[in-house]
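Next up is one chain by itself, shown in C-alpha cells, the form predicted alone.
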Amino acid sequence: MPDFYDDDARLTRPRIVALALSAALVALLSLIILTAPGDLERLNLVARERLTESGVANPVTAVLLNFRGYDTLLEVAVLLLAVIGIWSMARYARVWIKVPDTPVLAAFVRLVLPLMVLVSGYLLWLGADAPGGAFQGGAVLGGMGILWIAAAVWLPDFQFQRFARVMLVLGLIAFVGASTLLLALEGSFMEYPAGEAKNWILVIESAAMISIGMTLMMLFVGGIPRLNEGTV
C-alpha cells in the first residue's frame, strides 16, 4: 500500500479544524461572488480615469499594486501559506530527483538560465506600462528553478531550506514593510507619495517576483527533495 495511506495521513483534530475552516472560507467566498452586483462597468471607468495618479500606465498594475493593493498583499500571503501547508504535510518530496543519463539537458539548462533571468526582469519592468509584472516574471523564475532541478544542475538540500525560507517571505515582508513605512511617512497605509508611486511599486514587485518564483519551484518539488529512494 502506498505510504500516503500510513498513520500520519489519518484525520486528526487539527486537520479536521483546518478542513472545517477551509470549507467555511469557500462557502463565504461563494456567497460573496453570488451576491456581487452584476454591473461593474463603473469600476473600470473609475480606474481608467485615475490611471494617471497611479504612477504606472498599465491599468492592471495600477489596480493590483495601487488601487487594490490589499488584494495583492493577501495573494502573496496565500502563496506563502500554500508552501507552508505542503511542508507541514510532507517534509520530504514524493518524487525522487535523479541525475539525467545525458548531459544534453544540463547543458541546455545552463545555456538558457541566464536568458530566463533577463526575461523575468524585463517582464517585471514592462509591467509598469504594458502586460507583465511580478507574477509573470515570477512564473519565468519558477520555470527556471524547475528546469534547474529537473536537469540536476543544482539540487536543493536541507541547507537550502534557510535560503528558501528567506526568499519565500521576501515579497510579503517587502509589501508589509513598504506599507508600514508609508503609514509612518504619509499617514496612510499603502498610499504612495505623489510622483513616487512607480518607484515604490517596482521595489515591491521585485521582491514579490522573487518570492513567487521560489514558491512555484517549491510547489513543484513538494518538500525537500530526496536524491534516492533510500533517503529518509
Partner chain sequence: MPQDLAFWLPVVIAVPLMAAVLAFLLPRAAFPISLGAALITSGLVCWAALAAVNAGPATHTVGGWSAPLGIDLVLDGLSGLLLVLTAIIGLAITVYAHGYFQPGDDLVKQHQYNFFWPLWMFLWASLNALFLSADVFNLYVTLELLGFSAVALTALAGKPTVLKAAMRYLMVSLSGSLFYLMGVVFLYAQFGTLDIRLLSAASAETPTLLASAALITTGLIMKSALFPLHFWLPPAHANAAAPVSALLSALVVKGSLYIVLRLWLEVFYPLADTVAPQVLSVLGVGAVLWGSLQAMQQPRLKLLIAYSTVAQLGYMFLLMPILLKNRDDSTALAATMSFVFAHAVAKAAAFLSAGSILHALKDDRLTALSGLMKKMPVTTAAFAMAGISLIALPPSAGFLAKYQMLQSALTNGYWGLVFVVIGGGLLAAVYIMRVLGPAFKKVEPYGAESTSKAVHVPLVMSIPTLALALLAIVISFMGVYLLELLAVGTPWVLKGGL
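Positions refer to the first chain, counted from 1. For the two forms, the rigid core is made up of the largest set of C-alpha atoms that agree within 1.5 Å on superposition. Note that the structure is a prediction, hence the values are computed from the model and not measured.
What comes next is about the form predicted in complex with its partner chain, which does not appear here.
- For the chain shown alone, Val169 is a contact residue for its partner chain in the predicted bound form, at least one non-hydrogen atom being within 4.5 angstroms.
- Heavy atoms of Met190 reach within 4.5 Å of its partner chain in the predicted bound form, making it an interface residue.
- For Trp200, no non-hydrogen atom is located within 4.5 Å of its partner chain in the predicted bound form, even though that partner is not displayed.
- At a distance threshold of 4.5 angstroms between non-hydrogen atoms, Gly121 is out of contact with its partner chain in the predicted bound form.
- Residues of 66 to 88 that come within 4.5 Å of its partner chain in the predicted bound form, judged by any heavy atom, are Asn66, Phe67, Arg68, Tyr70, Asp71, Leu73, Leu74, Glu75, Ala77, Val78, Leu80, Leu81, Ile84, Gly85, Trp87, Ser88 in sequence order.
- With the core held fixed, Thr52 shows a CA shift below 2 Å between this form and the one not shown.
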